[in-house]
Ligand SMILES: Cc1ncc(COP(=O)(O)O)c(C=O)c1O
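Next up: just one chain, as structure tokens, the form predicted alone.
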Amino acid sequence: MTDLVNTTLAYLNGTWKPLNECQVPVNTHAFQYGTGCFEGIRGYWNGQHLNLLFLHEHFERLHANANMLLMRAPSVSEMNEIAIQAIRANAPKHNVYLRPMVFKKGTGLGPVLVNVPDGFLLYIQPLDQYFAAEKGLNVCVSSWRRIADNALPARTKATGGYLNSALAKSEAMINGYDEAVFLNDRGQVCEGSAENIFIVRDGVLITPDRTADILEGITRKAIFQLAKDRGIAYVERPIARTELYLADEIFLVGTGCQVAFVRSVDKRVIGDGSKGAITTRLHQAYEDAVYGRNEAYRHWLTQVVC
């Protein structure tokens, strides 16, 4: 798989070349200071063409986040076209993951966002399952707190902010868990290291609201739509840590992990330890949507013939 990744054609600052030939100077501003923001976009191969999931929505978010971080991104339509060109040029016949990034490509010293030139890159790589999710995830509440919105806003998907995620995920893995759950600086449940979180209590789907220092996830929004269409009640509100232990079901969602159920939290088994009824319904609905098996959600997809 490494050779396959390295030889794919990638886009860097207006040029197409094999990924392993895409280089930036070691003193690039984004490398020194984490000054970039990115997206992750899934492409699902259905045997005939590739379905790019929420392509336009991801680039709208990237464009808005770059602006928030004082960076200039290509237009949404330009980024859409670059992504489609990447798929056509590489012609994958498998599920893929696209990584576009806006970053400070200057080489000057100093952690500053103004008067530093911007760059843009995009590459693809194979991706099937992010987690071995069918067995259920064993997670822990991290000792690391989620970065606060007034410190480094998680909603921007800033590259530098993912050191916070790496610390939490690494702590979890060292201690034998699959994933970490963050609390925010108010002690409320926030999200996973790179996923939004949902719990189910008394038949109601609950997730932290957008003021809880979370990423405003595109998959999170899709789950709302799937739940609404199936008559499943949902609410956005603060979640206390101990509610995790009392939940009937818990699952994580994101472009990478898709819909992954949680088997236990801090060694407390959730429900009977299996995928719950609501999680199962939403997981199946999501799978049907992203592979184009449900016409009601076909507008979520950009079909590219490879």
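Note that residue numbering follows the sequence shown and begins at 1. These numbers come from a predicted model, not from an experiment.
The form predicted together with the named molecule exists for this protein as well; it is not shown, and the discussion that follows is about that form.
Note on the partner interface in the model of the complex: the residue among 138, 219, 90, 159 having a heavy atom within 4.5 angstroms of the named molecule is 219. Checking 262, 50, 62, 253 against the named molecule in the model of the complex, a heavy atom within 4.5 Å turns up for just one residue: 253. Stretch 209-217 is the contacting one of 111-119, 209-217, 230-238, 82-90, since its residues have non-hydrogen atoms within 4.5 Å of the named molecule in the model of the complex. Contact here is defined as any heavy atom lying within 4.5 Å of the named molecule in the model of the complex, and by that definition each of 146, 193 and 196 is a contact residue.
Looking at residue 29, you'd find every heavy atom of it more than 4.5 angstroms from the named molecule in the model of the complex.
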